[in-house]
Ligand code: PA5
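Read the single chain below, which is given as structure tokens and is the form predicted alone.
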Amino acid sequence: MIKLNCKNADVRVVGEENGLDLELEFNNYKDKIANIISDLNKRKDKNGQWLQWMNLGYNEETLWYVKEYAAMVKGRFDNILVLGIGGSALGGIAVTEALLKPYWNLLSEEQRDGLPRIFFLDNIDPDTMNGLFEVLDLKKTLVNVITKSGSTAETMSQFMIVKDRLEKELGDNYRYNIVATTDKKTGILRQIAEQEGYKTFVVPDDVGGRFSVFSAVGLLPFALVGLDIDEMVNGIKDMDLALKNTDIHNNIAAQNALIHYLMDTKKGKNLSVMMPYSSRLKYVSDWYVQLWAESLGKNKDKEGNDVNIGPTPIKALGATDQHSQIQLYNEGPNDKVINFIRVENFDTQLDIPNIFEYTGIGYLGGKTINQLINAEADSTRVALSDYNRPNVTITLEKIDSYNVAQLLYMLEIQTAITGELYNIDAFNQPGVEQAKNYTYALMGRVGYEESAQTLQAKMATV
């Protein structure tokens, strides 16, 4: 199981002004936390609660269908191209970057054991898209288009371009190069898929995009490139069991949720830095940024009161950002909680040769890069504590399907608990919809004519 060390957020380490009396606060909030955990688990099976993501680890049917399809298409494609944005892509990027061999897409077919390369088009920059199309043989590419509504402008514009190119190259057989992950019954993509005969998978009801990584949204791409999705599910189940524990002293998601909530509301620390000490976990920070920002940045509480709350997430990477951000964290405003992710055992070892023995760098000889990166992690968290900057450390035994799934699921539960502490709806995102509607209006979508006129007038004055 992954571990949480939160002692560097305690008053005994970072002082009363910047730290929390964790034992006291855990006891003060133990009943509230217990009620939150019990309530989340009671509500997860109810329609309209947007908590079905808590059940994804137990969906054996989806797991079976995903593995069946992956086996059926194995060896037929050189590339997987995922079309999606936000929650439809960030989880997939985070997990594949963590679990595939580094530089996967640059490896030979033999080095990849015959498995395909994988690409995520998670933005609509025309230069990037055209650049990818120039190097990608679409005839040998399986395209996974992911959008629950089927109306996501970015994803569907990508899909329209790719479909047109596939059809021109493959004729009617183009449909075998497309698999759609969308709503079970409704939406534009569902309609298109049924009309054109695409293979489809389902984005479950009551699962928001940022919580969808362990649905077919993530499991299908993972299986297609040979990741062990059975072990992912085992990790989720074991973590879910651990996080059902209503005792905050034995629930790491509840502990970190309460620390972040109290650091914000009591200590004015409303920035949450996610800083893994592993390049393979770099994109976990990107995924966390969406999870935290969309879930907790809200202007209304559950009673409709104006609150305008939410801690701001920041992504960082150790040891890289020790040389770009830590100066600010140590000596700048003391308004942050830094989350370190530390890996105990890397897959490989890299020795530092024992040369330059009689110089100022001779001390490095005979050590390993493994030792160095963890020394960097440990020294940085201690240095932050010296400056009275609160921080916590999440430790993974190793980077594998089991542990990465545990990490992401723990952070999802942590987010849900934090939302309850703030008394806000952590599962909607009304602040995103306004910009979407304006985009529809600017692009001439039917039904948005009045919005277009209003928007044009605003743009003329802004």
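The structure presented is a predicted model; accordingly, all values stated were derived computationally and were not measured. Throughout, we count residues from 1 along the sequence that is shown.
Heads up, the form predicted together with this ligand isn't pictured, but that's what we're talking about next.
S.K.: Of 126-134, 338-346, 87-95, 69-77, which is the one stretch near this ligand in the predicted bound form, taking non-hydrogen atoms within 4.5 angstroms as near?
M.R.: Checking each option against the 4.5 Å cut-off leaves 87-95.
S.K.: Ok, Ser215, Asn391, Thr147, Asn251: which has a heavy atom sitting within 4.5 Å of this ligand in the predicted bound form?
M.R.: Spelling it out, the residue with a heavy atom inside the cut-off is Thr147.
S.K.: Of Gly209, Pro276, Pro221, Gly235, which one comes within 4.5 Å of this ligand in the predicted bound form, counting heavy atoms only?
M.R.: Filtering the options by heavy-atom distance leaves Gly209.
S.K.: Quick one: in the predicted bound form, does every one of Asn18, Glu25 and Lys267 get a heavy atom within 4.5 Å of this ligand?
M.R.: No, none of Asn18, Glu25 and Lys267 comes within 4.5 Å of this ligand in the predicted bound form.
S.K.: Are any of the heavy atoms in Asp240 no more than 4.5 Å from a heavy atom of this ligand in the predicted bound form?
M.R.: Asp240 lies outside the contact set for this ligand.
S.K.: Does at least one non-hydrogen atom of Asp286 fall within 4.5 angstroms of this ligand in the predicted bound form?
M.R.: No - in the predicted bound form, heavy atoms of Asp286 and this ligand never come within 4.5 Å of each other.
S.K.: With the partner left out of view, is Ser401 within 4.5 angstroms of this ligand in the predicted bound form by any non-hydrogen atom?
M.R.: Outside the cut-off, so no.
S.K.: Does any part of Lys436 reach within 4.5 Å of this ligand in the predicted bound form? Heavy atoms only, please.
M.R.: Looking in the predicted bound form, residue contacts with this ligand include Lys436, since a heavy atom lies within 4.5 Å.
S.K.: Can you list, in sequence order, the residues from 324-343 that come within 4.5 Å of this ligand in the predicted bound form, counting heavy atoms only?
M.R.: Read in sequence order, no residue approaches this ligand (within 4.5 Å, in the predicted bound form).
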